[in-house]
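First, one chain by itself: the form predicted alone, in structure tokens.
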Amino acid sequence: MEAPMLEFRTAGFNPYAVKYSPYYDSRIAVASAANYGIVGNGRLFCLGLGPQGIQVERTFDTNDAQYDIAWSEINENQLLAACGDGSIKLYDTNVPDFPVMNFHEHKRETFSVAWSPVTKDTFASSSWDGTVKIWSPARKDSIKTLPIGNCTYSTSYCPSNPHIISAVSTDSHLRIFDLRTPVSAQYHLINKIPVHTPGPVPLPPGLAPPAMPAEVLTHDWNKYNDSVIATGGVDRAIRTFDIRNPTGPTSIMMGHNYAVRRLAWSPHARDILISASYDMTVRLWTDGSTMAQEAPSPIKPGVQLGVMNRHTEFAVGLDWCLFGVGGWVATVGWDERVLLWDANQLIRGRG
């Protein structure tokens, strides 16, 4: 892809996650780690976009690696960092150097954080210790712990219902929790979907995703259909599921050569999503839901719309800008680079 893009280097630190501010199109944050997150410090970059390009507004260093970030939904200047020592730190860009709150209950690396987009008064975290925890930014202790039982890479809130939380983990399952159910009912677990299971219906011709269990590293809720979730992981396949009828995937997207590290649905179109992979590429897809059905199978073969291959190391983080013409994305890789570019260039075939 040769479309124009903005670039920033996180010198000495390998990024793990990037997030646009939900308040401003000119503000992004990057979580990063020294030495690829194996040993050493972490650094949170708060970056501003202006006439001079991408500039550093503030940095916050941590003693351990940073693996994920989430902007506050109630304060435009605050954001969370998920850290390798199991802590979650809340930073305020108006308060230099130190976090304004520190949340530390996870026994191993905190790998994911997500702020509730509906009630905006809670956030969730997942950890390699096999738990998801629900927190209030106003108190040090967690509100609730959801047991997963194995390394949990990603957790997220349903975009329309603050009581429903999802998680994916190393055991190849997507779990859905409803906090309104009694805790005695499997700790609020209402659905446990085996991601690798092909389902009862035949696959479309030429589509053969791996059927062996594999770690699921990432997932995201569709912003226009709150019963649809996309997953990605070690087996390289992206699958979508309708949690109302979770007997198998509703669409499958194949194309990455190595594990899918992160994916995100577009906030601007119901069928578009983007994925970052250890194959160093970022790929744009349609899940096929808006296309005419030609194959006899009810499972739709998703279509790759384009590839961005400007990263020179693992592509591990991405996010969509909520504002503007509806196509700008930010991606980060272990090549110490943050790239901002227009995904519409891929859709138009000019990438």
Partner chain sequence: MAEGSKAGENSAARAFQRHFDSHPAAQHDRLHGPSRSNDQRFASAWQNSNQANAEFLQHQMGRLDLESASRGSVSPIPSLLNGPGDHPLLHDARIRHHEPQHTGVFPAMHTAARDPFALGAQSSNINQAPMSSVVQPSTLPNVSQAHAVPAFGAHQFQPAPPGQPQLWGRDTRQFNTMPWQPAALQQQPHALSQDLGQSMEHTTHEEIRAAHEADFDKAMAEWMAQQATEEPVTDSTEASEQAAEPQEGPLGDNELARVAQQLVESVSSDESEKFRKSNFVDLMRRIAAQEVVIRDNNMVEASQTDSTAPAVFDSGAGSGTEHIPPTNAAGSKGKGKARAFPRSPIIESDDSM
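Everything quoted here is computed from the prediction, not taken from an experiment. Positions refer to the first chain, counted from 1.
Only in words, not in the display: the form predicted together with the partner chain, which the text now covers.
None of 46 to 54, 284 to 292, 298 to 306, 60 to 68 except one has non-hydrogen atoms within 4.5 angstroms of the partner chain in the predicted bound form; the exception is 60 to 68. Although the partner is absent here, residue 213 is a contact residue: one of its heavy atoms lies within 4.5 angstroms of the partner chain in the predicted bound form. The closest non-hydrogen atom of residue 100 lies within 4.5 Å of the partner chain in the predicted bound form. Contact check for residue 241: no non-hydrogen atom falls within 4.5 Å of the partner chain in the predicted bound form. When contacts are judged by a 4.5 Å heavy atom cut-off, residue 191 counts as touching the partner chain in the predicted bound form. Contact annotation: of the candidates 174, 273, 158, 207, the single residue with a non-hydrogen atom within 4.5 angstroms of the partner chain in the predicted bound form is 158. Heavy atoms closer than or equal to 4.5 Å to the partner chain in the predicted bound form belong, across 170 to 188, to the residues 170, 171, 176, 178, 179, 180, 181, 182, 183, 184, 185, 186, 187, ordered by sequence position.
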